[in-house]
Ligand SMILES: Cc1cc2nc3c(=O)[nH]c(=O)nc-3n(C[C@H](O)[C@H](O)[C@H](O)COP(=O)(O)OP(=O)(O)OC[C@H]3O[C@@H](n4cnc5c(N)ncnc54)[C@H](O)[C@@H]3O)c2cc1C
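Shown here is one chain on its own, the form predicted alone, set out as structure tokens.
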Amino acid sequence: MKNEADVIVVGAGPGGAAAARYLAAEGFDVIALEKSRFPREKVCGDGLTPRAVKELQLIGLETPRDEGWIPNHGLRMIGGGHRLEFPWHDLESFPQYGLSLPRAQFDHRLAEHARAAGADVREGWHVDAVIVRDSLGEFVADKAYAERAAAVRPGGEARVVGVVARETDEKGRKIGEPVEYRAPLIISADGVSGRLALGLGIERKANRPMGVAVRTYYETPRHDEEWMEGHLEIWDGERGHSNLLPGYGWIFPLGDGTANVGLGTLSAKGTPSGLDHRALMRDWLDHSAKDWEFGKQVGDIKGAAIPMAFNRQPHYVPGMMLVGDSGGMVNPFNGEGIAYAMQAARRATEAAVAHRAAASGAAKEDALANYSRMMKDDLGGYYSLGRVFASLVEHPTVMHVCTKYGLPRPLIMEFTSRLLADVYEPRNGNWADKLLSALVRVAPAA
């Protein structure tokens, strides 16, 4: 079995599969290694904003309703005694609708889309570590070589040249002997664990926000409703005797008799909250959303951490790029990660194409290193605003004021809805678009 390619992609979630698709379409020989087998579950709200829909349009993935894609008109927000609907804005840069599809189906279709372009997507391969070449030779970046592995940094001589992987069985258990896969470029799209990055000493930034989310599915007669619903009041105990938490509950109809129902909270500095999120979700549902007439719960309540605001950097070290959750590319305002993972895949491909076209060794390396600069230019300012937002909403008083007094004010929500969803016109929009564009430009891209 071939184990060399132009690019090895680790992980075939939205970021990895999109990278494999884009690269294969550009003529690169691509092998993508996915530890699970499709279809497989992921903890996610299953809802896509217009920003994510735009990424699906750019990659050429069709989204017909008769194949399970459920469109939505906008956000229904509930909190502070208010219940208001905010349609998606009519903008040139984004479609005027969102979508919902279970992640188990979404990831599978995106992986098949990559295969259709010529990418070799291999399921059931768990990547354990990267292979590094330095002045002393080659080694596998494990604990025995932690100090040498930490020397893989921009501008240095050490370079990632491959990965070590093992096959997995149907239950995800590693079997067989380790296999080396080699390529001039490795794309690490291995998710929140950041396993490959950690092997190179790229730790999570302690001052960046982290979220925790839980979700399950419920049967509901409103399963085909075309609105994404968010509940802004999540309490850490009995109402009136507890704190209002930074976070929200969601209900995203899926059109198949069920809705994705979940809850997420936010920690501005990434410190563990100690909250029982499953209990929080049950309490929220006991006091809210009765009008959805939820019936049978379908599946367990599953949870996951959500890395936000570029909480792991650098996004490029010689020979390897971080894409999606591995680089903390999740929106701190709303917890969305799919759109940004796919955007990063586009940028990674642009850098790889520029690398292929460059004449000299130095120019080639600079082309790859430009990936980090592109991501900061695209998202750094907005994510910095998100860090400020996270710090503010951690205070229960701020959350209370926002939900009770901010929601019913049209001018405030005209701006806030664009800010939270990251869906605005970057150039020729209205006053809210222009204000948000200006804030993103002046915010430091840290």
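Fair warning: this is a prediction, and the values are worked out from it, not measured in the lab. Each residue number is its position in the shown sequence, starting from 1.
Keep in mind that the form predicted together with this ligand is not shown, yet the notes after this line are about it.
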Listed range touching this ligand, judged in the predicted bound form by heavy atoms within 4.5 Å, from 185-193, 364-372, 73-81, 345-353: 185-193
Heavy atom within 4.5 Å of this ligand in the predicted bound form - residue from Val179, Val140, Ala117, Ala304: Ala304
The single option of Arg51, Arg418, Lys35, Arg387 touching this ligand in the predicted bound form, heavy atom within 4.5 Å: Lys35
Three-residue site Ala197, Gly201 and Met320 fully in contact with this ligand in the predicted bound form at 4.5 Å by heavy atom: no
Interface membership of Phe310, this ligand in the predicted bound form, 4.5 Å heavy atom rule: no
is_contact(Cys44, this ligand) in the predicted bound form, heavy atom dist at most 4.5 Å: yes
In the predicted bound form, Arg40 touching this ligand (heavy atom, 4.5 Å): yes
This ligand contact at Phe94 in the predicted bound form, heavy atom, 4.5 Å: no
Neighbours of this ligand in the predicted bound form among 340-377 [non-hydrogen atom within 4.5 angstroms]: Ala341
